[in-house]
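Below sits a lone chain in structure tokens, taken as the form predicted alone.
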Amino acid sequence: MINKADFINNIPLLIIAATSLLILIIEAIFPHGKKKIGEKIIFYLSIVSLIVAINYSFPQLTVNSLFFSSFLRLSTFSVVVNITMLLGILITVLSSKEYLEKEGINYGEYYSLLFIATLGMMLMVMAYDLIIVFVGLEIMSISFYVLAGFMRKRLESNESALKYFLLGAFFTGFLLMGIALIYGYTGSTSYSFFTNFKNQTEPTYFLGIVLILIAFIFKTGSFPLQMWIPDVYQGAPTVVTGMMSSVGKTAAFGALLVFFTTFGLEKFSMLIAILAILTMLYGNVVALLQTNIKRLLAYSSIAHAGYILIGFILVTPSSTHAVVFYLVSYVLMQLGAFIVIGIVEAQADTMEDRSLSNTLESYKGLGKTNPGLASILSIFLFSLAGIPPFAGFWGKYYIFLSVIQNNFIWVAIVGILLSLIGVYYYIKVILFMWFYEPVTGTIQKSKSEFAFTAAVISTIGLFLFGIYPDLLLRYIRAIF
């Protein structure tokens, strides 16, 4: 039975849902001649709503209870991940305004879809029932399909959305079939039932778990179901790519971690270890061959999915803490890198120039023509490479430490060696920016004030958690 406490303790969720609807109403109210006023209202409303939602989330860090007839669960883990995602969406909103205006797609529906996707992501992480996991996943995915194809006049954006939709719909079938098999055998979809379920070797139940894992492997972009990531990330609007590759991945891994702890999937340890190594190997090696920076970071995101998967080999308190810390740092550095790419892309005058601006050649000499922007991008790339004193270093350190503590030392050794490969292609971009002469069309200054502010916020976060990681870990250590 629903009561007042259900609503009081889920105010951030309600704020996000209400804002998504309010944006659509505002978009409909203002006629074509007054669209500029409506766009400003929607933009600032989005920022205020996200800040308020984050503010209301912090008091929930000490809550550990079930709500809405035990369909949702608030815990330190879900709140930390929700705050991370809300912060990622706030940074995305800040970085979107000038980019959307330059591309001619500054519609209110964009912000509404962002909030609807956020609602789905929060539901995934808070879910205490497989049905809610499915509902949250679909809300997020459908919004992503539309956002990926938001540049309707660009062929590669349409291709991106279509590929993502077809593959996403296909693997949703795996998730649904897995839930159906588990429900058919146990008669329940509630996580509270499965925490004490003993007969885990029964074939129908086991097959259901495997099918759900396949769906999550697709959503996290892990090997061997990573084939969609490079094309989708390249074709989608750059600000959308940054959000999907960081915040979207955080939601998928957050839901997967709850799934792992609930169902007690220690029997999959060796399988996860192999998948993690293959994911890191594939992402890092193929990234070496890329000449387009969006595709390079797409393959880089596959490699990072492999690093995060290491924390799932044996889910213990230390590995859980490592995964959450990695997700927080990953949102800041991955999203920040795409923000800078979006700023560079938005300075091009024509659609063809904007497409060419994503080549590595176009970043030559950026450090001489725009040292501020090049410095910020260098910080993000150093952090992605795992170089101190940035948060990315501690993320990898805690991940590898957790797997060593779980006696999978060989996985840590392979992971460290593969991460060294990743250093090469990150350093290559940095060398292009600082040690080559500028090419024609290199931007001279940044006109994207909000986007630059968003990049600075991400940079501060990387420095803060890099120099003082315990600032975040003292909250994370309260998980589970």
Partner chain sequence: MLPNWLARPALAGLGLSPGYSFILYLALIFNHNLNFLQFTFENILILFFSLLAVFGALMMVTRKNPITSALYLILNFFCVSAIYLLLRAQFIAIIQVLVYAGAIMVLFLFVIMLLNLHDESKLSEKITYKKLSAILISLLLFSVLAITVYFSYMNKYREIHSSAETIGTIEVIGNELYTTFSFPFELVSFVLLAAIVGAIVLAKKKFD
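Residue numbers count along the first chain shown, from 1. Every value quoted in this text rests on a predicted model; they were computed, and no experiment measured them.
Just so it is clear, the following notes concern the form predicted in complex with the partner chain, a form of the same protein that is not shown.
Trainee: Which one, I142, A273, V286, L265, lies within 4.5 Å of the partner chain in the model of the complex by heavy atoms?
Mentor: That would be I142.
Trainee: From the list L123, L86, L94, I229, which entry has a heavy atom within 4.5 Å of the partner chain in the model of the complex?
Mentor: Selected residue: L123.
Trainee: How about T459 - does it come within 4.5 Å of the partner chain in the model of the complex, if we only consider non-hydrogen atoms?
Mentor: Contact with the partner chain, no.
Trainee: Verify the contact flag for S192: yes if a non-hydrogen atom of it lies within 4.5 Å of a non-hydrogen atom of the partner chain in the model of the complex, no if not.
Mentor: Residue-level check for S192: no, no contact with the partner chain.
Trainee: Decide whether F452 counts as a contact residue for the partner chain in the model of the complex under a heavy atom distance cut-off of 4.5 Å.
Mentor: Outside the cut-off, so no.
Trainee: Is L472 close to the partner chain in the model of the complex, meaning a heavy atom pair under 4.5 Å apart or at it?
Mentor: No, L472 is distant from the partner.
Trainee: Counting heavy atoms only and using a 4.5 Å cut-off, do L21, S69 and L113 all touch the partner chain in the model of the complex?
Mentor: Yes, all three are in contact.
Trainee: With the partner chain left out here, work out from 369-377, 406-414, 130-138, 236-244 which stretch has heavy atoms within 4.5 Å of it in the model of the complex.
Mentor: One stretch meets the cut-off, namely 130-138.
Trainee: Could you run down 99-120 and flag each residue that has a heavy atom within 4.5 Å of the partner chain in the model of the complex?
Mentor: If the 4.5 Å heavy-atom criterion is applied to the partner chain in the model of the complex, 99-120 yields Y107, E109, L113, I116, L119.
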